[in-house]
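Just the one chain here, laid out as structure tokens, in the form predicted on its own.
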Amino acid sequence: MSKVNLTIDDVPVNAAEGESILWAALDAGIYIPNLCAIRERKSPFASCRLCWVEIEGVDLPATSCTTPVKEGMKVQTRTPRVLRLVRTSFELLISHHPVDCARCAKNKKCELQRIAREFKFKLKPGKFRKLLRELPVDSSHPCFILDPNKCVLCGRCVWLCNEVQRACALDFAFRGLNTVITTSGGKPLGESDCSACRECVSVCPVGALIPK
């Protein structure tokens, strides 16, 4: 596969042609925040809206997971416009996420914590009003627990369950702020078609899916 040369934050980067800016940056040790990115997925979800970058010669910021690298491209990941967009997306997520890190099984391994640490954000909603959903926690499965209140709707578990494992036990339901990850027919996980592979737990970036 042919390679292209570009710079990201003024660092020379060599990446495979057609690779997204996000993966080129991460491979080069340059952190771009993301929750929904899956390298194996051909069409990115682009749902978390955290991976913004600015590209020289392009008027508007772009999501790095959906933008392929090009020869000679110059990318910046920490401009004022990028930081403003990332902060807004992050604060929107936090506005309906129960922040209880000390008692969360994902504490110190949570991607939200990493973003806050990297960008010096507070784990608080900021200018947005806190809107917690108080949904029931599903602990019916013998292997893991699903807490929809902590779910950031990244879609990783849905993609893996349906496209990789072919179990088709998890999917999205409803729309807007009411969107949740659930099973077919809304059955408890313990009564679903789950194959108990627990791969969904391994890809969850927060504490929404945790092992028992």
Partner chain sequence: MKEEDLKLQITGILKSSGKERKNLIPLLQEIQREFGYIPPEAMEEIGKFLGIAETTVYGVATFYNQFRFTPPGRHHIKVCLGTACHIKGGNIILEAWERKLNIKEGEVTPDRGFSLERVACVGCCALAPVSMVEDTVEGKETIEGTMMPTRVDGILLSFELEEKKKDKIKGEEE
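Positions refer to the first chain, counted from 1. What you see is a predicted model; the values in this text were computed from it and never measured.
What follows is about the form predicted together with the partner chain, which we do not show.
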If contact means a heavy atom within 4.5 Å, which one of 50 to 58, 166 to 174, 34 to 42, 146 to 154 is the stretch that engages the partner chain in the predicted bound form? 166 to 174
Answer with yes or no whether Lys187 is in contact with the partner chain in the predicted bound form, where contact means some heavy atom within 4.5 Å. yes
Although the partner chain is absent from this view, report whether Thr63 comes within 4.5 Å of it in the predicted bound form, heavy atoms only. no
Spell out, yes or no, whether the shortest heavy atom distance between Thr67 and the partner chain in the predicted bound form is within 4.5 Å. no
